[in-house]
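We give structure tokens for two forms of one protein chain below, kept apart as structure 1 and structure 2.
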Structure 1
């Protein structure tokens, strides 16, 4: 690193060096690593572009930013995954957070995408979540679906004219991008609701003046037992909702999402589906604004 920045190239090199130092994973004890990536002492590297002051060395000053960055990232991970934290417990969840964020660091201007690879990571490295890996994967999928449901884009809703001018054998609709359909082996929707309710009560209790431990502080949400269910995570008027679906309704929606024609999607529901059921489902989905024109 040059002593002076005499060109935009020098400035770019300095910015990259600073960024690499700040986002580099922490070492033991959540401290800045003692060695740089080429093996040099980190204290020598820091001294090359950070000035010490009368209280802190260059290493210590840089470490503040390194730790602040990682604590903010880990804190955001905690905020996005209350259900997964309840499944694993705090200590195991913290280890998962560090392992995941080291392998999948934030690469976006927004922390919104932080957990986009979490379910994939749990599947690839189950040791961080064993013996509850199957449940952890489903909770991770569900909590990422909440992120998608909250702020993914909305497209123009399908209108009656779209149905009228195209026959069912040719009409292809789509689902709103913010909707995620989940076929689950655990009732994680109810589990996450219970966790959030518990956390709300705990927060209210911590702000109240009491003379001892409260029930909210002691309460633990039990891990759910296996139970197949079908859920749509969606939003209405900027409020997030989870809606249970009948299996046949799920199959129809999944077929529409995957590009099937309206006629084939209805057939995917199965032989036991009646015209009255299909009519009721489509009336509800239209009311909720779930159906949109396919691009």
Structure 2
């Protein structure tokens, strides 16, 4: 880094160095690592651009930012992924968080998108979640679907006239952007509900008592056994819901989401589906406002 910062390019070099120091994982005892990535003492690196004062060394001043970064970002990760934390346990979850956030630091102005690559990371690096990788992947997908369900946009709902105007062989609808369809090998929806109930009880218990662990605090939510299920994570009146779907209904919705025509989507439901079933499903989806016109 240049000694003087005379240009935007110099400023960028300065900011790259400081950013790298701030986002570098903490060492033992949640302290800044003692060595820089090239082996130099971190104290020397910090002293190269940070001024000490009469109370703190350059290392200690930089460390405040390094620690604040990780505390903030891990806190956000905890908030977004209570289910995954319950699957892995606290220590393993924190290791996963550091590994993930080191490989995928935030690329968005909002922390809301922090976990957008988490499922992909778990798939690529299963050692952080083994032996529960399959479950961890599904819970990560489910919790990201909740983020989308909470505040993703809603588009104008498809109207009866849309159906009347275009023949089913040409009509292409879409799902609301806030809906995520999930084909799961574990009943993750029930698991996440159980974790949330446990955490709510914990919060209430912690307000009610000031000493000693309560039964609610100690209680662990058992990891679910395998059980295939099909779920839509969605919202109604801006409240988040998880809706179980029949496999055929899931296939029809997935086909619509993927851009199939209405006729092809209905066919994707399979042979066993009756016209009455299809009619009931579409009536429900229309009532929930799930279907919208394609952009």
Partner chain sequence: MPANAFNGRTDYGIGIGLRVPHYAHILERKPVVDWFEIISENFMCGGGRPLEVLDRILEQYRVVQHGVSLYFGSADKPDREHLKRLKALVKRTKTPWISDHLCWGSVDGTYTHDLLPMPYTHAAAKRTAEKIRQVRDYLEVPICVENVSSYAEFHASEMTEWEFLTEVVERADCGILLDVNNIYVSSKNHAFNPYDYLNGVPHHRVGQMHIAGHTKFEKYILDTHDHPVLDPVWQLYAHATRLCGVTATLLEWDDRIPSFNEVHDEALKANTFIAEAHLRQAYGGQASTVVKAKAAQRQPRARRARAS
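Just so you know, these numbers come straight off a predicted model, no measurement behind them. Rigid core: the largest C-alpha set superposing within 1.5 Å between the two forms. Residue numbers count along the first chain shown, from 1.
Trainee: Determine, for this pair of isolated chain forms, which one is the form predicted in complex with the partner chain.
Mentor: Structure 2, not 1.
Trainee: Expressed in °, what is the rotation of the smaller rigid part against the larger between the two structures?
Mentor: Smaller part versus larger part, rotated 13 degrees.
Trainee: Provide the displacement, in Å, of the CA of residue 52 between the two structures, taking the core as the superposition reference.
Mentor: Comparing the two forms, residue 52 shifts 3.0 Å at C-alpha.
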